[in-house]
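The chain below stands alone and is given as structure tokens, in the form predicted on its own.
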Amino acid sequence: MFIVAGLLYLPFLWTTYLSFTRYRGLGAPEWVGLDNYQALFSDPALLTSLRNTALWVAGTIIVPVGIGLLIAVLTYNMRFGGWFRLPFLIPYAISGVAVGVIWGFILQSGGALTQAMDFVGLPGAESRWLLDAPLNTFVMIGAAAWQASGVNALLFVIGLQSIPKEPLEAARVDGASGWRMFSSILWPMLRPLTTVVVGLSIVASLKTFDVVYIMTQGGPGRSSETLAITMYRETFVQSEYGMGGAVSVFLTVVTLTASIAYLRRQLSERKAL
């Protein structure tokens, strides 16, 4: 247990220490106090990273969780429902790097999507999917949703299968079906699982790195940069380990704050029921 705790906490403590120093990888770190944090919060690019990270959080909750829930509800109790869900599960077996490569090929200027839209005469074929902000962030959220929707559908199907038969049969006897069955019976009983799925999605979206780095590397300029990309750029591209540590600590605080706030809200709502 001490080894695991050491592996988990010692790197964070070292990163926190570096965030108060000026260190470029050679020699001893020089203590500079809060200078890195002052420089971080006075950087206009931080607002862009925060905006893009917020878009990722909102998009990752709405799109893949919503699509996963829709797939689960539509295919639950359907004959051969597992086969209908299978195409949505296959992308989950692909790494984030591969997802970035595939969608980068599709969305690049003059890429597969542009050529297909131009061929059938659809409007918008001239769109610069990966070059214009915030369009580039939106399409990358779509690429990440393509990968994550299937596993969310699988989790929701497991939740649907755990619902007792008696309330469902009683609701059918009372004439409930369709939207009324979903909103009155299925959705309330899925809320504990939905809390887990949304919580995991929030944490994953705050750490988003691979898809963004492969598709745009945070560019053009820094228009599609997220906090994780900012941390990587400062640390491993600029070799500003102190500034990278400051971004890392700030990202950790944001992730913990968002997770605790969401869980506290869910727990208070459950107590109120």
Partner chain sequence: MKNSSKLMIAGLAAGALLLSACGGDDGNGDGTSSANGNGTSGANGEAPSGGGTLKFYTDKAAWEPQFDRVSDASEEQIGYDLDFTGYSEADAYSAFIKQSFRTAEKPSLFTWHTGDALAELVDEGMVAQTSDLWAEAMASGDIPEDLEQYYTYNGEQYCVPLHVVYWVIYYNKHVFAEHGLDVPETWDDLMEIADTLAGEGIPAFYQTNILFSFVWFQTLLAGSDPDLYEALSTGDASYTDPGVVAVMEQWRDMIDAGHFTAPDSADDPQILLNNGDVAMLNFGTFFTGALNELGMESGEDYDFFVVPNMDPSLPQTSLIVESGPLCAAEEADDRADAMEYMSWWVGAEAQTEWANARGDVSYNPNAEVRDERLADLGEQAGTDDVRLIERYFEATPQPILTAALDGFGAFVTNPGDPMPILEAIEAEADAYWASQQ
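Not measured: the values here are computed from a predicted model. Residue numbers count along the first chain shown, from 1.
One more form of this protein exists, namely the form predicted together with the partner chain; it is left out here, but the text below deals with it.
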Query raised in the report: If you check in the predicted bound form, is residue 104 within 4.5 Å of the partner chain, heavy atoms only?
Result: yes
Query raised in the report: Looking in the predicted bound form, any heavy atom of residue 260 within 4.5 Å of the partner chain?
Result: no
Query raised in the report: Counting only non-hydrogen atoms and a 4.5 angstroms cut-off, does residue 213 reach the partner chain in the predicted bound form?
Result: yes
Query raised in the report: Would residue 27 count as touching the partner chain in the predicted bound form under a 4.5 Å heavy atom rule?
Result: yes
Requested in this report: Work out which of the listed stretches, 32-40, 59-67, 200-208, 239-247, brings a heavy atom within 4.5 angstroms of the partner chain in the predicted bound form.
Outcome: 239-247
Query raised in the report: Within 4.5 Å of the partner chain in the predicted bound form, do 113, 125 and 177 each have at least one heavy atom?
Result: no
Report summary line: The one option of 154, 168, 131, 117 with any heavy atom within 4.5 Å of the partner chain in the predicted bound form is 131
Query raised in the report: Of 2-27, which residues get within 4.5 Å of the partner chain in the predicted bound form if you count heavy atoms?
Result: 2, 5, 9, 10, 23, 24, 25, 26, 27
